[in-house]
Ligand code: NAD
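Given next, in structure tokens, is a single chain: the form predicted on its own.
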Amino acid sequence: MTVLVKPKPIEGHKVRAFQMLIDGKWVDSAEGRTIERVAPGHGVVVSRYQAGTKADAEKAIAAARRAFDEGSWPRMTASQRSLVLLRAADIIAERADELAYLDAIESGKPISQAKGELGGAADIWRYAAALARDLHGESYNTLGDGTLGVVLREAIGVVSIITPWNFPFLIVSQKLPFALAAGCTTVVKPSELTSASTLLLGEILEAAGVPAGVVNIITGTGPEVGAPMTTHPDVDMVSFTGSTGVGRLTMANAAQTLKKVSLELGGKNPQIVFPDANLDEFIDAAVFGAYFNAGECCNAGSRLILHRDIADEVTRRIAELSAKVKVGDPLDPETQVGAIITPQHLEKIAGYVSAASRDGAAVAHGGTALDLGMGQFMAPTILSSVRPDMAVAREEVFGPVLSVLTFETTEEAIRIANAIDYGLSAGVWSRGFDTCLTIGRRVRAGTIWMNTFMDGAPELPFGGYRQSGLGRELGRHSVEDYTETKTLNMHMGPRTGWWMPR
């Protein structure tokens, strides 16, 4: 049985209305239409945003273009930009409870988790502030007495930043501060399902001293607002996080004007477990990796690849621990798994489980939607006897569904891990250093965790192989992603050439 935390009516409920930030002004959309957000955990409207249009996107892009070409931000010293980012980090920390509440109520994530994400986000802004002062080029004085080469790093220009609904504030914090640190100007589009905390970030950046037009925040749907952000000739780069399908469309749109593209897309992440692993620690990590953020996470550990000798025991123990997971009210501090983002997405998750059952998988735990009186919820689910060719083992379910597969040899485990289109992250559990290193070297994924899962730090790059995306976020080179290199080839003294005497 799943432990249920039934949602309570929201105290002092009031719909919060937001405008868009364009060129330093808070404005309504060109057509005056709005979008209402229904809280997935409570079933009531909690936010009202502007439904942006192509005209709004073009105004925001024009403002960012002017701010880059004519404004002060790209021309500030690195230390000046760094101080602004540090002030922003301080204000984010001060307003963390407010931001976490908005993310929890709009996305359905547990409030305790949202508060943890806000702490991580503030840390990322501080890290970006430090990197702003470390951005530098190169010089070459070894090219001969008459030549000096200098390689500059310059801000790439106007960056379109498009973020998803599952980590509204954390993911914009993995992109925006690094673009600002480099000296870029930006147009930001949060998901139309979870725009509130990003709009509040606009207020924070104004208070921190970001000049008008440097950060523009527009709300609306992908076809209306996102598309022009990826095709407009005045945009120099697109940074997108979302589904692989929309990532392909983003890349195709950007190719029309050969923009630089950074994509963080889907994942179907394996945890490979050997008989000598510390099973107590692994089982805790398996439950966390599968159900964190209700499985609505590109990094979710949604595939367990277990050695056959331990598969039955491990599956039983994971099911026992899953039964203790608290599911329900996102605003209850005790909740561990919150609501599913939309009714349509809940139906999609349930469809994967039903299809897997028809194909021969066994439901070891959960497997059904939960009726808690309001909102939409899914029971933590474990599917055993899963074959590698099943859709649930190959496709991103994006819900609290764990698929259990088995292996006998290391080669077989690696083959199963690599036999999908994704390559975002993976885990390996063994006390053997050679075993961990072999898996780490041969599994094709951007991050390999060894005897842990879903740990991270701003210093560590994040991104994927294959259809999990292009490029990396975070890490010491993250600011460089928002730059172009320029070579200055300087000649000294008399020049010799075709028509010059030698």
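A residue's number is simply how far along the shown sequence it sits, counting from 1. Quick caveat: nothing in here was measured; it's all calculated off a predicted structure.
Not on display, but discussed next: the form predicted together with nicotinamide-adenine-dinucleotide.
Shown without its partner, this chain lists Gly338, Pro380, Pro177, Gly267 as candidates; in the model of the complex, only Gly267 has a non-hydrogen atom within 4.5 angstroms of nicotinamide-adenine-dinucleotide. This chain lacks the partner; the member of Asp332, Glu395, Glu192, Asp234 within 4.5 angstroms of nicotinamide-adenine-dinucleotide in the model of the complex by a non-hydrogen atom is Glu192. Contact check for Gly144: every heavy atom lies farther than 4.5 Å from nicotinamide-adenine-dinucleotide in the model of the complex. In the model of the complex, Leu99 stays away from nicotinamide-adenine-dinucleotide, with no heavy atom inside 4.5 Å. In the model of the complex, at least one heavy atom of Phe240 sits within 4.5 Å of a heavy atom of nicotinamide-adenine-dinucleotide. At least one heavy atom of Leu249 is located within 4.5 Å of nicotinamide-adenine-dinucleotide in the model of the complex. Residues within 4.5 angstroms of nicotinamide-adenine-dinucleotide in the model of the complex, judged by any non-hydrogen atom, belong to 214-222 and to none of the other stretches in 135-143, 214-222, 113-121, 310-318. Heavy atoms closer than or equal to 4.5 Å to nicotinamide-adenine-dinucleotide in the model of the complex belong, across 273-308, to one residue only: Cys298.
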